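One protein chain, two forms: both are listed below as structure tokens, the first as structure 1 and the second as structure 2.
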Structure 1
Amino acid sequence: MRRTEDKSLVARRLAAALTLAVGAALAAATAAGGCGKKDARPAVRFLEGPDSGGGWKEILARFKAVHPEIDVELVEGPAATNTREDMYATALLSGDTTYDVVYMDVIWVPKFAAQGWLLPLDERLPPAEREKFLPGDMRGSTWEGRVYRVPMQSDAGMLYYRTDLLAEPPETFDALVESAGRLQQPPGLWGFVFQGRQYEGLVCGFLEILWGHGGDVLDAQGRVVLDSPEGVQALTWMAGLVKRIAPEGVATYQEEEARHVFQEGHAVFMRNWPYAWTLAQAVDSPVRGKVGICPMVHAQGRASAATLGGWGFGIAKKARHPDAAWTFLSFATQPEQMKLLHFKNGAIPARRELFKDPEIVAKSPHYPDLYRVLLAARPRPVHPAYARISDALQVHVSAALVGTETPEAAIRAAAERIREAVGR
């Protein structure tokens, strides 16, 4: 645990240093370009990861052609999401105005909004406009009844299966175990692989199993309800997969380890994110043309749920040019720009209509199935203390997977830690 805390501290110090360096560089550039005079032209900046496909640069060029009076600058930061979160938090906490627009992971919204770092967008984004986005993405953009984020790209966990080994995917937990056990031939072919390492991906997978059993972490009033019979049932089922239909090494898997096992033809089922579908269809993929996707399975009488991921735009409370910031983010989140980012950077659009777009479906024929998954997507526990909630789940769900805690003890311990985090 101490090593984890040290790494987190180092990451925060690095993020703070990067934020100060970026802010100083931008301030110096502004001063040099303006000869010390305040520039009358509105300029807005936002921080994102590396623009690997060039989609953002093209969106900015399109915007400039339509709005030459507004300058928009993309600051390409580190690929690590948590480092960018710390960079934003450092700037926003100090009152620095480096970033007018905040490009947020869905799990940042409650923390940033509760700190008073964001402008509410309810009046700028009326209900009729919100309906055009995927429902889970809008729920994840809302904190205490107010909208603080406009979705740009979506993401959700789902179940992959081998279409050459079974005609129809399972719908329930029992059916998945039965099919996996019947078809597997370990060690060459395992039944199921997923993200079992102690990190955020483990939490995402566990939540889908928890929700599929009818359980939850917090109820509508914010009370901790994890230590319910459904919570114990969910973790008991998940821990029971190891060595039964999943390899023992699954407790060390992240997304890529699971994908490699599945894509090399060594698993019947896989829990993963949408990005894996395109890679599985590569020319040299052993499972090319043999992969289907569907919502994660659920208990009898319950419903499937997918853990929501994704990104969207907010406006900093102390933005220098909030109206210019809104002009840009409302342009960037239109269908044409989402479509461009899809083709250039592989981003999944957050607008409903694009899942029926002929050009997108022609390139990505799995999108109608992906739409079913995304309609069932749910945000992770929406709370400013989500980082501590996640840490408690990571520690104890992992302990149950490797057998150092029973599922019952792990659920009780996680629930107690979460109560301490959110306040009883």
Structure 2
Amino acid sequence: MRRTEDKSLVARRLAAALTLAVGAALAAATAAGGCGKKDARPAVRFLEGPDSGGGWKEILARFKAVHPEIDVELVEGPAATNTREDMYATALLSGDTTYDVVYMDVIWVPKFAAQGWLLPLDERLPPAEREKFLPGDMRGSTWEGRVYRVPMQSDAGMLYYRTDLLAEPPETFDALVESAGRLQQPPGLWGFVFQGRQYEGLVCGFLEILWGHGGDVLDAQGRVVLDSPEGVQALTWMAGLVKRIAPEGVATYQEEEARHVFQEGHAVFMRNWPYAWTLAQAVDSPVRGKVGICPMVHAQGRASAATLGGWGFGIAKKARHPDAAWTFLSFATQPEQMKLLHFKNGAIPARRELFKDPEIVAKSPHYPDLYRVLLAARPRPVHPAYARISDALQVHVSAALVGTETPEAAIRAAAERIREAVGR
């Protein structure tokens, strides 16, 4: 336990150090480019993950062509959402203006809004405009009745399978283990890969397993109910995957590691977000044309659950040019830009109309089904202390996966820490 907790501390320190390093580099670049001008910084700067497909760069180029007067800078940060959250939080907490636009994961909104770090966007985004986005994304952009985020990408966890290896995907946890065990031939072909590293992605996958067993973290009154028999069953099932149908290394995987293993043809099943489907269909992908995508499995007599993910733009309260920031983010969230990010980076558009877009549906025939999964996707606990709730889950789910805690002990310890975090 010590070791895993230390890891989470190290990750936070690393994020803070990264923030300082990025801040110093940006300040140096500003000074170098200053040439006596008053403020040579771009009007709008935001932090995102690695722009693997190049979609963001193209959006920025398109924007520059129509708005040459507004300079926008994209800082490509680390892939893990919680590391970027720490980087934004460090900057926003200290009141500096490194980032004007905050590209936010859906889970950051309650904390960032409650801290007063964001500008409310209600007036800029009237109700008729909000209707155009997926309802879950819009709900996740709202805190205490005010809108703080304009959705760009939607997300929901899905199960991937190889259509050349099995005709029908499994529906239950037992059936997944059975067919993965039957079809796998390790080490060349493993049964199942997922996000097993100690970070936010692990929580997303765990929640789908927890919900699929009928458990939950908090009940409708906000009380912690994680340490239920269903909670223990869920973690027992998940921990039992490692070395049986999942490689030991799965405990270090984020989204991209899982995708690479699956896309190279080394896994029968994968849990991932829908972006991986588009990338798996690339012309040079070894599994092109052999990939099916369906809702996550569930326990007998229970229903599938997908974790709601997704990303969108907020404006920092201290943004130097909020109007320029708004001009940029309203451009970036137009349908043409969402389509570009979909085709280049696999991002799922957050606008409803795009799920019927002929160009998108021609390339991604599962989009109408995906739409239904997105509508039913469940949010992670909506709480300003979500980061602490997630931290507790990250530490103890990871400990169960690597075998340093039993599932029972891990669930009990996580529940205790979550009780402290939510104060009940």
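Residue numbering: sequential along structure 1, first residue numbered 1. All figures in this text were calculated on a predicted structure; none of them were measured in a lab.
Between the two isolated copies of the chain, the form predicted in complex with alpha-D-glucopyranose (GLC) corresponds to structure 2.
Two rigid parts turn against each other between structure 1 and structure 2; the point where they join, the hinge, is D155 in the list E171, D155, A282, K132. Put simply, the small part of the chain turns as a rigid block by 28° against the big part between structure 1 and structure 2, using C-alpha fits.
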